[in-house]
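The chain below stands alone and is given as structure tokens, in the form predicted alone.
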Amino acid sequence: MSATGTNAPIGSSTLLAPIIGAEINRAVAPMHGQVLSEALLQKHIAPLFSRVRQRSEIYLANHSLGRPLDLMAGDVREALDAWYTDMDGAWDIWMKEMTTFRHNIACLIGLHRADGVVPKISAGQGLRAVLNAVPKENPRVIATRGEFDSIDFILKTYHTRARASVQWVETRSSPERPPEVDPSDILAAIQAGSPDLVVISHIYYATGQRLERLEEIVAAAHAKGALVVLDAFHSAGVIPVEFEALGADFAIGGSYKYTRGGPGAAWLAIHPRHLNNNRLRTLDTGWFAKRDTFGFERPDQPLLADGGDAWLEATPAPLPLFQARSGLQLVLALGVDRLRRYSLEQLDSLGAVLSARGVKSCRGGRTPGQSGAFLLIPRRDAHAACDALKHAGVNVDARLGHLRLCPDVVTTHAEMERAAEIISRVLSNPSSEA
């Protein structure tokens, strides 16, 4: 078995073609070249979700845990059946799946080398790999207060243990809008300091704000000699990422949300210019990063594999990659650009039906194009309101004083209408006042 993903020469700009299974290809083929519509999606795509759509609730938490396809159960069973049938021979299909996963994530984020994608159990594991690769014992890190809890917690832990010196860019707030990260504040922090690493989010998890001026931030960091980590967990699969063209050094993300793969199938992406950079090698390593993984030789000087395989660790976990297969393939088959346009239409519709019932909602960006894929309803009692809504049959979640609502590709307008009526009724209850 080989750990190596599909490679293209350094400097090649040829993007990879997605690997899509026959059943998803058959479902999507009749929609080729057409603008996504509810009628088309209900006819061709909704049947792929028959199991999860048997639930009686209206699911509007797709920005959190994405709904799985029916195919997912069979995909995981394939991995398990190989184990039962072939024991250690199962590694042949397990490693093939890891190669496919790396390839398709590269397609998703605009990366021309599949070995630039390194499977991880979590995005936080990817961040630690980068922190432990910066060629400095106590690197200076710039990050924002808007980062996801795990990223925030890891950075604070490194700072507390004197393994990094973290400078935080504060969010801005106003009575009318949720807290925002101002790109000018990030740029000012970079220009005023001497950072080694800058950590930013493409879309901020709590508010859905899309960070503007990304190219300018990356260029400013590079001018200071700093590396850039882009958290793409809330963008990959719902807006185009174009990681390689953007020029960030690393990206982290996962399959839990918009590619419907659940927990455990996360990734670290490495820009091709670093894949053969021997000065930038992580301490988070293991035998799958060895040049000859199965030779079992032990030279005193560790000999690393080529390219992104040098960033692999110990024995990988194959089952999450099968779990992530169908959702990732569906996103690639439908196309992120088309999904983004349809998502914005859905958010307009959801916002309108909420407004018609007196429920004020907003997006994280100042314009629709500056937001992610979910709406916010401001509530001081957001967690209590969230519980009340789930009890009433609408599944949403709550973060930092807001309810978050996200339809997905098979959510119907009728479901959004019913959800708006329930939300209006529950939130107008005096026991759930903001």
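As the structure is a computational prediction, the values presented were derived from the model and not from experiment. So that there is no doubt, residue numbering starts at 1 and follows the sequence shown.
Unshown form predicted together with a small molecule; subsequent notes refer to it.
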query: Can Val169 be called a contact residue for the small molecule in the predicted complex at 4.5 Å between heavy atoms?
result: no
message: How about Lys257 - does it come within 4.5 Å of the small molecule in the predicted complex, if we only consider non-hydrogen atoms?
response: yes
- prompt: If you check in the predicted complex, is Asn132 within 4.5 Å of the small molecule, heavy atoms only?
  reply: no
field: Residue contact check: Ala82 to the small molecule in the predicted complex, 4.5 Å heavy atom
entry: no
query: Can you say which of 358-366, 133-141, 293-301, 120-128 gets within 4.5 Å of the small molecule in the predicted complex, counting heavy atoms only?
result: 120-128
message: Using a 4.5 Å heavy atom cut-off, which residue among Arg325, Arg102, Arg113, His234 comes into contact with the small molecule in the predicted complex?
response: His234
Of Ser165, Thr157, Ser150, Ser349, the one that lies within 4.5 Å of the small molecule in the predicted complex (heavy atoms): Ser150
